[in-house]
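Shown here is one chain on its own, the form predicted alone, set out as structure tokens.
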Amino acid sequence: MNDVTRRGFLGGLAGVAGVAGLAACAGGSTAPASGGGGGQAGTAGQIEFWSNHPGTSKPVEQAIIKKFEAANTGLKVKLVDAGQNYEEVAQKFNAALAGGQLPDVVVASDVTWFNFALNKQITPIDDLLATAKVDTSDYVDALFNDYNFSDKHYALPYARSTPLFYYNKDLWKKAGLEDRGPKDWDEFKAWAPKIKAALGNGQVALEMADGSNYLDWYFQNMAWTFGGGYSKEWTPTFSDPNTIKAGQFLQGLAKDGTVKFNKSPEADFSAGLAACIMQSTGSLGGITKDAKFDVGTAFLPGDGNCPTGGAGVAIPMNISDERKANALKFIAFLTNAENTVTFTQATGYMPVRKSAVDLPAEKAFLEKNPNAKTAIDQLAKTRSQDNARVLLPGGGARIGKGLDQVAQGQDVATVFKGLDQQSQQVFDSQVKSKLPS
């Protein structure tokens, strides 16, 4: 791929050491729509918000909307079920871009926002933010700048996340393990026989999402820990020996029965069927509520090898200026300090405002919920995701399919060579010509 760097046009992820936050969910992947149309569906007084309700957040979204309407006479918000996940929201938005009715606000994941920005389908919001006098310096720098393309911001952070390592403390104790997560994947492999010996019928040591449910997000941690990755800037690196080694390690865990792949690992974990999982912090609230055992949380294996993820909220390009102004007013309210605390406490996502962690309600919550602090501490050790996953159209789905093939026993080097070739082709045909020179 060419030598335009992600840092050069995205502005990079700013350092976040010392900034507290909770964490959240991965995004899906989709190709941009070919059309740029879309109807003026909404009215000046109604803001249509398309969401997949990340972290089963529909009730809290409704509560925040009610507060917004009370504070903004004459404005109403229509909350639309736009899909069960980020992928489905992006597909619905693509359909609207091709000639349907556009929303005023749409949830855009870590994997989908860039293609919409690249194809000028969502609005750069910096001027709108300045006009509305929104203090953007209060957003966590790493999260706000994640939507920076060519010195313009295209979304505000909303349901932002990292993965966590969740473990069943009861099974850990039975296995004779320390009350902590593994330092790295080699240590986990050394622990695996002890964990297996402690399992009962129907239980598995480790459960992970399958390739259609963001295994590509979680596996970045494993690839990075082994010294590999999906790409360096725009150059695919699936065939790097260290990435292949990580793939072979994952395949080995599958072959010896250590790991099971599932659509919703958090459900099995909460039911006591898995000793540990890698799952979004956006699942923390549900797991804490549903599990009938003592849940432990830890950093992902490997120091400093945790990807950020989740979603922001964006405004379509092809709506009226008045609708854009109202949409900005709503997303600024949705993501203010008080509401990000409300949202994150209900779901497990990361507060996106720096000042949120100083609010009394948040301090009290963290004191009572030590597992939430794991995500706060890990945030300083996160890293930007590889371009091949989050910036190439279809990257997540393409990588997930390849990882499914690896888990099923196909030759890792062959599968990963194919991912290199496919990623390069997508870059050359859909991205390269649109990047700043």
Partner chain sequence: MTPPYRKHVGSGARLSNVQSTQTQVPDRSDEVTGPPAGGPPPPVGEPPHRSSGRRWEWTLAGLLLAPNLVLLIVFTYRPLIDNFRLSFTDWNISSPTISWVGFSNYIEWFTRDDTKTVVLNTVIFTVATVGISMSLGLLLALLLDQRLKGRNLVRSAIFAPFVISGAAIGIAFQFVFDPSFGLVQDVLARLGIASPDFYQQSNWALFMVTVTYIWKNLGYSFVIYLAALQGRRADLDEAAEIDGASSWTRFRRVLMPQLRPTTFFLSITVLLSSVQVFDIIYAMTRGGPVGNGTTTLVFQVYQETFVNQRAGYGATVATVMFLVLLVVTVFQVRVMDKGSRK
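Positions refer to the first chain, counted from 1. Computed from a predicted model, the values in this text were never measured in an experiment. Only the largest set of C-alpha atoms that superpose within 1.5 Å between the two forms is called the rigid core.
Only in words, not in the display: the form predicted together with its partner chain, which the text now covers.
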| query | finding |
| --- | --- |
| Contact residue in the predicted complex, from 75, 267, 199, 132 (heavy atom within 4.5 Å of its partner chain) | 267 |
| Residue (of 412, 397, 60, 376) lying close to its partner chain in the predicted complex, criterion heavy atoms within 4.5 Å | 397 |
| Residue 384, heavy atom within 4.5 angstroms of its partner chain in the predicted complex | no |
| is_contact(residue 260, its partner chain) in the predicted complex, heavy atom dist at most 4.5 Å | yes |
| Heavy atom of residue 119 within 4.5 Å of its partner chain in the predicted complex | yes |
| 4.5 Å heavy atom contact, residue 171 to its partner chain in the predicted complex | no |
| Which of 172-180, 354-362, 91-99, 191-199 lines the interface with its partner chain in the predicted complex (heavy atom within 4.5 Å) | 91-99 |
| Three-residue site 212, 273 and 401 fully in contact with its partner chain in the predicted complex at 4.5 Å by heavy atom | yes |
| Residues from 401-437 in contact with its partner chain (non-hydrogen atom within 4.5 Å) in the predicted complex | 401, 404, 405, 408, 430, 434 |
| After fitting the core, residue 233 CA displacement of 2 Å or more between the shown form and the other one | no |
| C-alpha of residue 260 moved at least 2 Å between the shown form and the other one on rigid core | no |
